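Only one chain comes next, encoded as structure tokens, the form predicted on its own.
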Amino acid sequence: MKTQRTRLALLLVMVLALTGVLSACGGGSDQAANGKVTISFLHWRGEDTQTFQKIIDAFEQKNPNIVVDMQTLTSDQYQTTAQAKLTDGSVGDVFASFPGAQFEALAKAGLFTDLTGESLLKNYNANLIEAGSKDGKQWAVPYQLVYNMPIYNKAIFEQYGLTPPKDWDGFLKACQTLKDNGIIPIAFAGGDIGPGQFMNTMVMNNEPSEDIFTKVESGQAKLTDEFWVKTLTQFKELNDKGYFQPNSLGTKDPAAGALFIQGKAAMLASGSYQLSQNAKQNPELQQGLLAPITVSADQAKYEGVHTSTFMLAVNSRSKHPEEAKKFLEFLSQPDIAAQYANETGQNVTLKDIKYDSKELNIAQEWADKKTLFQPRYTIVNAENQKAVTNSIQAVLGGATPEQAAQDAQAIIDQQIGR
């Protein structure tokens, strides 16, 4: 019996020792063995990790008791798996969210910590962080400012005596002039991002109200209404007149970008986020931003489209909310935001930021213009969003605007009925 008790005692000691080792090796947001707190920073901007690591190093120097573990996913993975990863609080003490459908889903799941009244908010332009608010409270702070508008080659426009058109007839005439001179008017990534990007400026002056897609999702309006059928009709017109490159539906973003960078296309239907990337590949490029005005000049309500995205938040399930909030406050300092902007080529939503690059200043020129928040991101149901963009692809594939709108509306009707 004595030998058996000795063995049991030894076994208990071994179990306790192993438990201690496993606790010390635990990652995520658990307390580290050396007394430091480790928090997780989860986002999808893999291309920004080098800059973020510099910022994290500076933060850890000022806050030696906090370690920041950065984790990234691809944007596609982020949209499909982030919510599950955030739910138990072990990942993403500080995390980023897309506006629109993902923000709504995360808010519904209660994963945001209320930031209303936090001092960090005073560093931001209030009108540019509205996408992170809901029900009168600020749940996230959009960090990046993007203009989802076509980029144009200023040198090509000047060569043929063109200026950014003020109405639809002027836009069509400019496209025809370019085509007549052997230039592709619009490089369009119809195989991936093109429909979701170009739809924003195409619909901005056609829609009867800023909340039209909200009304569509609630059943108060339909995609078969004039605003969307007209938009699809104008997409068809551009396609039928040969203003997109051949096989635009089979063209992915890198291939469309290459046409523009090489000077084969005069416009690239993407957004300001590609300005820096284009300049790196062709430093001689003279770039600007323009939006197709789909109505007469006197009927135009908006000059362009903006998006406040990469919405930073504190996870409500975090085991270390105060440390997470400290890191968010650090990211929200103007000098840190300026460092992020200038090193990554992304405009930001904070006040009084000094931009060092030509490309960032191109986008900054639009700060005082009349721009609309990206219409696509006002569609909060992911299936509905897909139905809308798929209707553009359907038209480019040969469907009539009326049929494409009807098919998309049928999907939305299904979602409403659920």
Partner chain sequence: MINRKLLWLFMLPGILLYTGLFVYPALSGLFYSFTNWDGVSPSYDFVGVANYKDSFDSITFRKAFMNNIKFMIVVVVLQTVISLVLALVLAKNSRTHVVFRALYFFPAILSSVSVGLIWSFIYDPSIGLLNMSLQSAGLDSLMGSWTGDAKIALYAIAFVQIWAHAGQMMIIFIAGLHAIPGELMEAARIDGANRMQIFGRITWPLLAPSAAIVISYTTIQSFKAFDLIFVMTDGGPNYATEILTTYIYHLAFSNYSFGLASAGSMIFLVLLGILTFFQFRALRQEGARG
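Quantities reported herein were computed from a predicted structural model and do not represent experimental measurements. Positions refer to the first chain, counted from 1.
The protein also exists as the form predicted in complex with its partner chain; that form is not presented, and the subsequent description refers to it.
* To do: Kindly indicate whether L259, A394 and A410 are, all three, within 4.5 angstroms of its partner chain in the model of the complex, using heavy atoms.
  => Result yes, every residue of the spot touches its partner chain.
* Asked: Quick one: of V67, L360, A387, I353, which gets a non-hydrogen atom within 4.5 angstroms of its partner chain in the model of the complex?
  -> Contact residue from the list: A387.
* **in the model of the complex, the residue from Q79, N125, S133, T344 that sits within 4.5 Å of its partner chain by heavy atoms** => None of the others qualify; the residue that does is Q79.
* Asked: Want to guess which of 198-206, 134-142, 276-284, 243-251 is within 4.5 Å of its partner chain in the model of the complex, heavy atoms only?
  -> Only one stretch passes the 4.5 Å heavy-atom test: 243-251.
* To do: Check whether A297 has any heavy atom within 4.5 Å of a heavy atom of its partner chain in the model of the complex, and answer yes or no.
  => Contact check for A297: no, nothing within 4.5 Å of its partner chain in the model of the complex.
* Are any of the heavy atoms in A255 no more than 4.5 Å from a heavy atom of its partner chain in the model of the complex? -> Result yes; A255 sits at the interface with its partner chain in the model of the complex.
* May I ask you to state whether S90 is within 4.5 Å of its partner chain in the model of the complex, using heavy atom distances? => No, S90 is distant from the partner.
* Examine Q83 and determine whether its closest non-hydrogen atom to its partner chain in the model of the complex is within 4.5 angstroms. => Judged by the heavy-atom cut-off of 4.5 Å, Q83 is in contact with its partner chain in the model of the complex.
* Neighbours of its partner chain in the model of the complex among 346-381 [non-hydrogen atom within 4.5 angstroms] -> Stretch hits: a single one, N381.
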